[in-house]
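Below you will find one chain, with nothing else, as structure tokens; this is the form predicted alone, and questions on how it binds or moves follow later.
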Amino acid sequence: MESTTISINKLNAFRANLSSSTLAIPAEKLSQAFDFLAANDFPTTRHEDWKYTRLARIANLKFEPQSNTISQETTKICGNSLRFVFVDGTLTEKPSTLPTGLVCKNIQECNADELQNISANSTIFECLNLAYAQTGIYLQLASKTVLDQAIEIVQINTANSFLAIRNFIDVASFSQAEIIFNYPSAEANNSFVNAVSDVFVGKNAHLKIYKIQSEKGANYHVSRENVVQEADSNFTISTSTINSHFVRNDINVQVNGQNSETNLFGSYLLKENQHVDNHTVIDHRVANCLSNELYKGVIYDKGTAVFNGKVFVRKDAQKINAFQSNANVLMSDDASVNSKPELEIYADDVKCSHGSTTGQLDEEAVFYLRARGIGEQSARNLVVSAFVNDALEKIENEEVLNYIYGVIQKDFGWEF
């Protein structure tokens, strides 16, 4: 059994070969990050947030130079998008012009004033990210700007390396945008992507984020979104994790303004020894808001999944509607899921619910399809695709949905 104890020397050894951040991060925040790293260790399974996800494999990673290739054309999702492509952290493709009201550039080009509002860091992986970040996107959308093109941000990973990605997204009041984060990779081994996004959604602003994780090989991916919503805003994030070796997603949403809506949707498809861990927090700090959360997973072979979703309703946050659901299908006796939906409510005039289900494939549905001339494997694929499609259909961008369907069909043989 893998040890749950990681010596602090492991963290120091892990950091020894990393290059400090070249971004114009305010000195005070950078110093705080390094101080935090010096005083803390990698979390172990004794930490509640990491109870079901062991990090010894990340702590022991050795980054040996290796060059792989992946066709950039195969990563294209939308026919008419504002497309930014990074290969191993280097920006290789960007639009020739941008719409009026939009600033979108490599975060390396930002000055300290532009990065002043980067969030404070409170975890090991946030601090690792800030201390060693080399790449990412800086996006600022002016007030009353409505984009009719999606912004497509592709982070291609082809080398065995540590890649710290820092994104800053500010969608001002009465604006609307749609952002696609795509993380494809070649068959690289022992790569580690650490991505942190600070997201600000202004008054009456609407923001949709689609995040696609389909990294092949023994790649490790730890991702975090820190989101702040103001009054009358609408924020939606849909996360699709498909056939990835090791993924941890943290989404933390702070709802500061009344009449806001928050939607967190996720789907994950695992096989072999793959592992995905989704942790979400929605913090309702004010009254009259709505949040919806739906995550669905299908796990084959010896795959493992974790879902831990927490909804806070503060004392003065009356008339909150909050709904949370996690459902899983285990396709083998060795597959496993640890699911823990949580509600922490301090107000008395709310409507909140949560639920979790985990089970085997519906054999009656498979029998029904086989009785109508469909082969056994095709019948099984149809049943599980229909199950997970409830979460996938929350994706309103048809081109994004079709791209995800294509990845699933290639990796799992499903038909939609």
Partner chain sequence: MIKIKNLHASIDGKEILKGLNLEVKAGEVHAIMGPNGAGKSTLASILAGREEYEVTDGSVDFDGTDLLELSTEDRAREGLFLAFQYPVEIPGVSNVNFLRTALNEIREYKGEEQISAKDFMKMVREKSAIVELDSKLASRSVNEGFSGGEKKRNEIFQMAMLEPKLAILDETDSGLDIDALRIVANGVNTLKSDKNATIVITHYQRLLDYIVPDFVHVLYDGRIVKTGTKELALELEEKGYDWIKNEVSTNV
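Computed from a prediction, not measured in an experiment: that's the story for all the values here. Residue numbers count along the first chain shown, from 1.
The same protein also exists as the form predicted together with the partner chain; that form is not shown, yet it is the one meant from here on.
Taking the partner from elsewhere, residue 383 is found to have a heavy atom lying within 4.5 Å of the partner chain in the predicted bound form. Interface residue remark: residue 355 is not counted as part of the site for the partner chain in the predicted bound form, having no heavy atom within 4.5 Å. Within 4.5 Å of any heavy atom of the partner chain in the predicted bound form lies no heavy atom of residue 38.
In the predicted bound form, the partner chain sits within 4.5 Å of a heavy atom of residue 364. Comparing 56-64, 347-355, 375-383, 26-34 against the partner chain in the predicted bound form, the single stretch with non-hydrogen atoms within 4.5 angstroms of it is 375-383.
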